[in-house]
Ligand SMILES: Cc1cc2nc3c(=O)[nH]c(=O)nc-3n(C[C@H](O)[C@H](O)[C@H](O)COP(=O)(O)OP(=O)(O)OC[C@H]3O[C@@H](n4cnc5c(N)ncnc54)[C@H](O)[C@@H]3O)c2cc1C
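Encoded as structure tokens, the following chain is the form predicted alone, with no partner shown.
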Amino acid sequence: MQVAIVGAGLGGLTAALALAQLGLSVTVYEQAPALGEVGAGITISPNAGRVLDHLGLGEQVRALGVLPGTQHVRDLASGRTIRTMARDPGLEARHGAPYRHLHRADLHGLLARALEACAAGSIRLGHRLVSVTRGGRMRFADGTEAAADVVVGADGVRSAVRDALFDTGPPLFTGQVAWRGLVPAEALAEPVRSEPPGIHIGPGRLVLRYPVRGGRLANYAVFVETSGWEEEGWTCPSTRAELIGHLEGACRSVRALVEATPEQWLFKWALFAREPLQTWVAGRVTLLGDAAHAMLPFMGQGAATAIEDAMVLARALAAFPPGEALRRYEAARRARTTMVQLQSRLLGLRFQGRHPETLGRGPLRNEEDLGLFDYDPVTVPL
């Protein structure tokens, strides 16, 4: 079976590596002229960690990543801790797979090197898809064409594969804009540098922070209810002054984090919500990750669910004829990803409620409480 994957992001590379290890022929078509990943943090939770363990990358993920220990939920204005969540070695012991914060580029590079070692030359750069048929024939911007028994659209929120073959409504602006930044730890004064990871919450605003690269960098994301700018992209540059303008009344540690950010490492994007697709399969073509189920980031499960998709799809394609494999893949994945999409939306609303102190009362259904960490893409029935 010849499998073509459109998009060399985390989900696409994971799928390609899993397929190659299972003995299938795979080619990845990437529109960029060189491999790379945007500079931002990523959380690998046990549900995704099981896949990376299975692919032989688990120990490298553990070595590259940071185990956060205890995460704090704080009031944005005062900095007071509202509640804590354990993210320590006990979590890995409970679930049997790693929980780590990583730099996206580190994980992306790890996957690319593993794929090259397993299936040399399988990544084709400079191939921007302009059309695809239900039968698996593709045409690229440079005029070249290719065909495969199965085509997988792993090309993100602006998926060309999805737009070509799937009935999807326009994305809806959520009324929120997000900023992401990276700060060298040495640029932060004490006690800001040693502040535990976690989130600051307040009316209409949320700040997420955690260390990457062994603690040498602090990764953060700021979510703000605002209007007037609706560009959906990960690489739109911003300025410290613009972001500080949205943090009036925030505690000193949050403002210090932004003030220490090199502006070449500060970007913004508008958050859009998409309704779940009616189907992920069109003939011999399917979707994976953000192309299939883009979700708001409040549970940190976007990349994790793409990695789950990759493993389940590879198993299905290795075990069944193409048509049946794609049907089984969709049946195994749609209900779970739809649930995570919904829960991510709901958690964001609760984090940014008008009375953040109420978050400390009653149960908070986070990823572990919802059972998301118990899911095993390597063994889930197909």
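Fair warning: this is a prediction, and the values are worked out from it, not measured in the lab. Numbers for residues come from their place in the sequence shown, where the first is 1.
Here the subject shifts to the form predicted in complex with this ligand, a form of this protein not shown in this document.
From the list 115-123, 195-203, 268-276, 87-95, the contact stretch for this ligand in the model of the complex under a 4.5 Å heavy atom rule is 268-276. Contact between residue 377 and this ligand in the model of the complex is not found at the 4.5 Å heavy atom cutoff. Taking the partner from elsewhere, residue 6 is found to have a heavy atom lying within 4.5 Å of this ligand in the model of the complex.
Using a 4.5 angstroms threshold between heavy atoms, residue 166 stays clear of this ligand in the model of the complex. At a distance threshold of 4.5 angstroms between non-hydrogen atoms, residue 308 is out of contact with this ligand in the model of the complex. Note on contacts: among 213, 162, 284, 104, the single residue with a heavy atom within 4.5 Å of this ligand in the model of the complex is 104. Applying a 4.5 Å heavy atom cutoff to this ligand in the model of the complex picks out 6, 7, 8, 9, 10, 11, 12, 29, 30, 31 from 1-32, in order along the sequence.
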